[in-house]
Every structure is written in structure tokens, then in C-alpha cells.
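In C-alpha cells, one chain follows: the form predicted on its own.
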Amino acid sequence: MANLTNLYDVSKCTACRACQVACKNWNQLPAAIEPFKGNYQTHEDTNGDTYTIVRFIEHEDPVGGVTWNFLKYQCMHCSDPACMKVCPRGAYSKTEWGATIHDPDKCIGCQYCTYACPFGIPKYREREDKVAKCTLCADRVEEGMQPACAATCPTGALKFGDRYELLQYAEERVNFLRANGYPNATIYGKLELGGLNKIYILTDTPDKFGLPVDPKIPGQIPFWQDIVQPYFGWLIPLALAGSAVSFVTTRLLANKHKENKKGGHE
């Protein structure tokens, strides 16, 4: 199967949030009501029961006045996911077509994946003591359907298909936008972190949409993956053995010290 990806064109998005509702409906996720804070964004971030949100980002331009940037935000399904590298239970895997899948049956709720993810996507679900995130509707895709969000979008802002073909489309679209009032239009996800399976067509630089300009995996991840994880099985007994040796050595040294003091006194 070809490498498949979900493309989102911010220039076509009206922030109707049909994608957000479709995600809730397909995954049978309960409502997560958050206090009203005076803006149009319903959730500050994704959470254990909300895999997809639409961000409303307000900008004030000295010339153009107040403008809004909309952004559909969810798991990026990285080609080389940090979540999969750090999970001590192997709860993450990649499908042959590119989705990053989380297996709740293996999850122990440690949240290492949340801290490792450059986008902070996997979120803790307290009632189950596990994390949860977008699956790119792998169950639908493997039955020949599109992800619920892409199938629902009324404006064509979302497209799902072959990654190479969608990148070609994105290049053409960005060239069009640059020639028609958006000189900073760019593609996000083509090269970031070695490539994402969530491609964005942005009308401005990533920071204007709340995206990290140069996302990076935390520096301690290679240490965890290459040193700690492979030897984790014997690190604990080794530490216990070290503690036992330290205890015995300390007692021997203490006894010898007492004997020396006694001999010196006599």
C-alpha cells in the first residue's frame, strides 16, 4: 500500500469544525466541556477525549488590521515517531501506509510519549489511566474509506491520499497562493522531522499558526532508546546488586574503623 497522508489547506478552511464533530462521532468520544474564555476556540488543546481541534489564532496587522488564522490540529503521524521510541511497553506501531497507532491494551499510562512528542499530542485519559490520540482513522482507511474528518470537510480543505501526489498538489497550491497575496505561503510537514503524514498548506509562516518552526525530538530520547531501553531488564537487578555491595562494603569499613580506634586506644 502507498504511503498515505492527510493534507489540510488553511486557505480553504472556514473553521466550521465539521472535522472536529466527525472525529468525535466516529470514535464515539464523549463531550469535553471547557470553560468559555471569550474566544471562538472550543478547546485550548487536544485531550484524551478530543483528538482533533480547530485553532483560532488572532493577529493584528498594522496595515491589514485584525486577521484570523485557522488550523486543524491533531496527531502528525510522524515518519519516525518519538512516541514509539520511548514507550516502554511497545504500545505504538506504524501501519504499512503511515499511520501511527496506539494500542490501549499495552498502555500503562506513564505518559512518556506525551513528554517526548514535539507536538504534545498523546493525552492522558484519567478514567482509564491510559493515553489516547488520533489514529488517522486506520479502521476506516483499511476498509477503503477516508478518515472521518476528510470525508466530512465541506470546503475541500482536507484531502486524503497518496503522499507523493498530495505533495505535488501542495507545491502547485503554494505557488498559486504566493502569486495571489500570500508571499509567505509554505508547506509544513514535507521535511519536518524527516516528514509527517499530516501535510499543511499554510498561508504564512508556521509560527503564525502555533506550529513549531523547527520541531525537534528532545535530546534525551536517543539516550533512552539506545542505552536505557535495551538494557532495562537488567538495570534494576544491577542497581539492587550495587546497593547490596555498597551496604556490605560500608559495614566492613565501619567495623575496621572501630577496630583501629580500639587498637589505638589500648
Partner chain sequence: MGLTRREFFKLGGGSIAAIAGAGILGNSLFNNPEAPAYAAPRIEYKHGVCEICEMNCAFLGKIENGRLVKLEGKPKDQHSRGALCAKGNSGINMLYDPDRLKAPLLKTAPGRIPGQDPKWKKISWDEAINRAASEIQKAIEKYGPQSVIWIGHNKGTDFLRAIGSPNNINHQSTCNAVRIMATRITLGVANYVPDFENSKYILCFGWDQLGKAKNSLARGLIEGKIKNNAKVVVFDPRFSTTASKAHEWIPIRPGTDLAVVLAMLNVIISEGRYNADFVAKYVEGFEELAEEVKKYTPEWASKISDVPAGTIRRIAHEFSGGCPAVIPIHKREAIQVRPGGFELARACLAMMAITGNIERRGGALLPRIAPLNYPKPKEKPPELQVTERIDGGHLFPLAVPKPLSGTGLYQSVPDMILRGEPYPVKVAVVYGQSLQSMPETEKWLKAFEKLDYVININIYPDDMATISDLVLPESVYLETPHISPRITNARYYQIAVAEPMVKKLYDTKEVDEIKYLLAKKLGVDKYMPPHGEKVLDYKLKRYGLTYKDALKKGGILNGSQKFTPKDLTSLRTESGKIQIYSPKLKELGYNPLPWFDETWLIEPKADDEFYLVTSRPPMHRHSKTHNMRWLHAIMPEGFIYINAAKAEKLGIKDGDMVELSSKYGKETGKAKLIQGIRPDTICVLHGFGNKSPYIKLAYNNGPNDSRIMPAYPKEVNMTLKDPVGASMDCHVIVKVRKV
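It should be emphasised that the depicted structure is a prediction, and the values quoted were computed from it without experimental measurement. Numbering follows the first chain given and starts at 1.
Unshown form predicted in complex with the partner chain; subsequent notes refer to it.
**Request:** Work out which of the listed stretches, 183 to 191, 134 to 142, 75 to 83, 110 to 118, brings a heavy atom within 4.5 angstroms of the partner chain in the predicted complex.
**Result:** In short, 134 to 142.
**Prompt:** Even though the partner chain is not shown here, does K208 get within 4.5 Å of it in the predicted complex, heavy atoms only?
**Reply:** Answer no; every heavy atom of K208 is more than 4.5 Å from the partner chain in the predicted complex.
**Asked** Could you tell me if V174 has a non-hydrogen atom within 4.5 Å of the partner chain in the predicted complex?
**Response** No, V174 stays farther than 4.5 Å from the partner chain in the predicted complex.
**Asked** Taking the shortest heavy atom distance, is P104 within 4.5 Å of the partner chain in the predicted complex?
**Response** Flag for P104 set to yes.
**Prompt:** Do V66 and the partner chain share at least one heavy atom pair within 4.5 Å in the predicted complex?
**Reply:** Contact check for V66: yes, within 4.5 Å of the partner chain in the predicted complex.
**Request:** Go through 34 to 49 residue by residue and record those having a heavy atom within 4.5 Å of the partner chain in the predicted complex; state none if no residue qualifies.
**Result:** Contacts from 34 to 49: E34, F36, G38, N39, Y40, T42, H43.
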